[in-house]
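One chain comes next, on its own, written as structure tokens: the form predicted on its own.
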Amino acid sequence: MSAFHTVSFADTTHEESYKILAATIHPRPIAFVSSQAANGHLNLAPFSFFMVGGSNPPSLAYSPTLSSRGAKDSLQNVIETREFVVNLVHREIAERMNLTSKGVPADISEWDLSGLTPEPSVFVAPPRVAESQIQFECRLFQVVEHGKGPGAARYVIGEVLAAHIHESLWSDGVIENQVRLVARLGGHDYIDTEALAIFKMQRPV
């Protein structure tokens, strides 16, 4: 007899599929994305469906899945302006990052909610998160659509134009100190990779 329980995703809701994927594919680093709408309004939002792409040219990808209202503000901004910044998250800014996951109207600034500091970028219009230790300025290469409705993937592929690395991590042209990030686990669990400690954060409502 098989020791496995098989789940056919054809027979599950997208919420059930998400719970299985999120509980099994981890730890997932967090793309803390700053973007700017065509009208100049700024957005800041975290995404744990995130990966490095390649190095020639340097690229990365994240997936702001569709909500019940359709495309999220950050995705719409990237489509409009074709620019964004991916800021990485360490333990000291984790709680403030979590505050930006609250669903708020487009005219409310997640920067104000979190108290994080916008730092001017060099090559793109959206600002960087000054408190983040590593920031990647990106130009949109392509948005790949997969599926329709809530939970459907929108893979945002960005070409990395520049990396900003905190001086405490950089020495003589190389990253000298280990980059210790916060990563997402299943449910409300996160892991601090510096302390190798699991902690919880509930998404604000």
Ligand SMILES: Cc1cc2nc3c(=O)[nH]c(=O)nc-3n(C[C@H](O)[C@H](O)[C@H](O)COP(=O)(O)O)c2cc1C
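Remember, predicted model here, so these are calculated numbers, not experimental data. Just count from 1 along the sequence shown to find any residue number.
What comes next is about the form predicted in complex with the named molecule, which does not appear here.
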* Asked: Might R128 be said to contact the named molecule in the predicted complex, defining contact as any heavy atom within 4.5 Å?
  -> no
Consider G115 of the chain shown here, and say whether it contacts the named molecule in the predicted complex, taking contact as heavy atoms within 4.5 Å.
no
Exercise: E83 in contact with the named molecule in the predicted complex, heavy atom 4.5 Å: no
task: Tell me, yes or no, whether F47 is in contact with the named molecule in the predicted complex, where a contact means a heavy atom of each within 4.5 Å.
output: yes
### Query
in the predicted complex, do S34, N87 and S121 all reach within 4.5 Å of the named molecule through at least one heavy atom apiece?
no
Exactly one listed stretch (139-147, 165-173, 65-73, 52-60) reaches within 4.5 angstroms of the named molecule in the predicted complex by non-hydrogen atoms, and it is 65-73
Taking the named molecule in the predicted complex and a 4.5 Å non-hydrogen atom cutoff, the residues of 103-117 making contact are G103, E110
